[in-house]
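Next up: a single chain in structure tokens, the form predicted alone.
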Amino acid sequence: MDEFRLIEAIRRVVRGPGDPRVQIGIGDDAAVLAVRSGQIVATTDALVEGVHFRWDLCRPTDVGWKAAAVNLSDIAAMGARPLALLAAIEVPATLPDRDVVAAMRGLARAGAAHGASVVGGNVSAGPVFAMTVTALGEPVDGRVLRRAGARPGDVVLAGGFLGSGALGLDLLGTHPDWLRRFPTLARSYRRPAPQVDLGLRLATLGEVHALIDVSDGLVADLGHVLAASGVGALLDTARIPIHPEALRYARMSGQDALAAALSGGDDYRLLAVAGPSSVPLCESLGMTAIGAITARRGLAVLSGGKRVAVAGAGGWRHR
């Protein structure tokens, strides 16, 4: 298809049920959104073929879904409610139109699952396929959660299993014949589930002082919180939640499930820092206390009460 026919095909697959917040969607030079809160939370991220995904490991709908999910996870990490998505895509001449349309369908489905409509974007030619997605959200009652705010005595809490994304990638790349044995790992990598509802709930708790999503690895992303807050932390490896499938796959493949949880990235789980009084409620929301904030700067990882070094502690590097 030419550019305009492709845009029309995309418009048909991303058009969902009417969202009253979307006053003007795809079809004009820009979208118009109604925002009651008076504030917009905005983020953008890209998925680039050969850098962030491979076609032999993912279906086109998975690529679109993940492009939405990684951005929606950032909205969740601010404690905000998703509003809309925009997607700028670069399409190589060798990529079939049906794959482009399928990727946009995956993007729209992920957005719809969390109340975000696709309201615009751009199509251009490029050497490889790339999706740059902008996600917009609204704060809850005017409050946003940030990386800065952790205090000595606070508790570090993880919003679910860690390491599944990295081990899912290893599974798809090195043991694709094991997919039926480890469906959760494969799905964790291909179709991460941003914790939007959890982020919204945490935003209502006054004793939640900082929030971030784990996309580049637990150690690296917690490090961002510590740097922004001017504090340190102790992590207890015995408390880090790891999915049973991840533990079983690690044993069979010779991988290190704990190393994946600490440094692997691609999890898109929320990591919260909260006062002790909020810990029981956070735990009732499915979070796990994995460490504590200290006045002394730096991160110490404890195993059996002893400090251990973490391989790959710098996390995923984008360049």
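Everything numeric in this text was worked out from a predicted model, so none of it was measured. When you see a residue number, it is the position in the sequence shown, counting from 1.
The form predicted together with another copy of the chain exists for this protein as well; it is not shown, and the discussion that follows is about that form.
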item: Non-hydrogen atom contact Ser124 with another copy of the chain in the predicted bound form at 4.5 angstroms; value: yes
item: Leu86, heavy atom within 4.5 angstroms of another copy of the chain in the predicted bound form; value: yes
item: In the predicted bound form, Asp45 touching another copy of the chain (heavy atom, 4.5 Å); value: yes
item: Contact flag, Pro280 vs another copy of the chain in the predicted bound form, heavy atom cut 4.5 Å; value: no
item: Region of this chain that lies against another copy of the chain in the predicted bound form, out of 248-256, 34-42, 261-269, 281-289 [heavy atom, 4.5 Å]; value: 34-42
item: Interface residue in the predicted bound form among Ala77, Leu222, Ala103, Leu162, criterion: non-hydrogen atom within 4.5 angstroms of another copy of the chain; value: Ala77
item: Of Arg201, Arg147, Arg191, His243, the one that lies within 4.5 Å of another copy of the chain in the predicted bound form (heavy atoms); value: Arg147
item: Contact test, all of Ala67, Leu179 and Leu235, partner another copy of the chain in the predicted bound form, heavy atom 4.5 Å; value: no
